[in-house]
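This document starts with one chain, in the form predicted alone, laid out as structure tokens.
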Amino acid sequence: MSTDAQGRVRSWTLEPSKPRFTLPPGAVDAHCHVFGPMAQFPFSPKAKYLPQDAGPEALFGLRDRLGFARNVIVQASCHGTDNRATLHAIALSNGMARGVAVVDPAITDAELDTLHAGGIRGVRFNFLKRLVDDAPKDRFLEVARRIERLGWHVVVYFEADILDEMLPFLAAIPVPIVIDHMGRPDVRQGPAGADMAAFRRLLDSRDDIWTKVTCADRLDPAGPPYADFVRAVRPLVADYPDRVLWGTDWPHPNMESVLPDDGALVDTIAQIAPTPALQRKLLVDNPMRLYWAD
């Protein structure tokens, strides 16, 4: 674990390897974050972790090193519902980034319009108890209804053990849904394991549920080359090619014990999406359709 003089934690590799896999032109890193800079954008007093700064310059440097063209920046829980850091990064991207916000359910329509003008195209609902204190489903549904006019979608983050209790809530959401990290299945079970089978039933319940086939570093404790992750996820990409996204998850919140190598993560793409056609859908066509439709 790397900490600075203030006890702030770094959860990312400073010099990631250069991927062996060459991304297709126009590839989108569809799940990443920014932290701070704290002096400009303070962290939420409710934050469960205190990271070192990982701002837009570092993110866009990583983008260029890995070979991506665009980013989708997801509001990090350490910033709570203050989306200024995410909006700042989008504004510096020259149109090459869009974002997903976290909002207070009491947000006004005018404030939603301001977020839209700043490049936000979705809201995230987080149900990980170790990261958030409260996740009011009824108020989240009201937010989901209010963003429909903007053409936004909802991003939902939960773990596999609560999927069954999430089903009524997910069914009630009136806009497209993106599930973060496939609802964190136990990939060691394999592609036909209980967690992945349950997740497939969710995808089959609606044709507007998308997912991010991401976070091999979180889901596969064996580490690179992430064989269990690849084995479990490759059939999902093949069977739902028009509803999958991929992202680095940089700067890897709460991954302080083992710092992920972003180059090694990019190299998993060719294994879970083994053909150029699948790679283009995963990295270009799908994220562009969802985030740059306008």
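Small disclaimer: the values here were computed from a predicted structure and weren't measured. We number the residues from 1 along the sequence you see.
Just so it is clear, the following notes concern the form predicted in complex with a small molecule, a form of the same protein that is not shown.
- With the partner removed from view, the residue among Arg124, Arg121, His88, Arg146 that has a non-hydrogen atom within 4.5 Å of the small molecule in the model of the complex turns out to be Arg124.
- For the options Val103, Met196, Cys215, Leu115, the residue carrying a heavy atom within 4.5 angstroms of the small molecule in the model of the complex is Cys215.
- In the model of the complex, Trp152 stays away from the small molecule, with no heavy atom inside 4.5 Å.
- Not displayed here, the small molecule is kept clear of Leu141 by more than 4.5 Å at the level of heavy atoms in the model of the complex.
- The small molecule is not drawn, but in the model of the complex it has no heavy atom within 4.5 Å of Leu167.
- Using a 4.5 Å cutoff between non-hydrogen atoms, Asp262 does not count as a contact of the small molecule in the model of the complex.
- Across the proposed site, Tyr49, Ala76 and His181 without exception bring a heavy atom within 4.5 Å of the small molecule in the model of the complex.
- With the small molecule left out of view, the stretch that reaches within 4.5 Å of it through heavy atoms in the model of the complex is, among 264-272, 63-71, 227-235, 247-255, 247-255.
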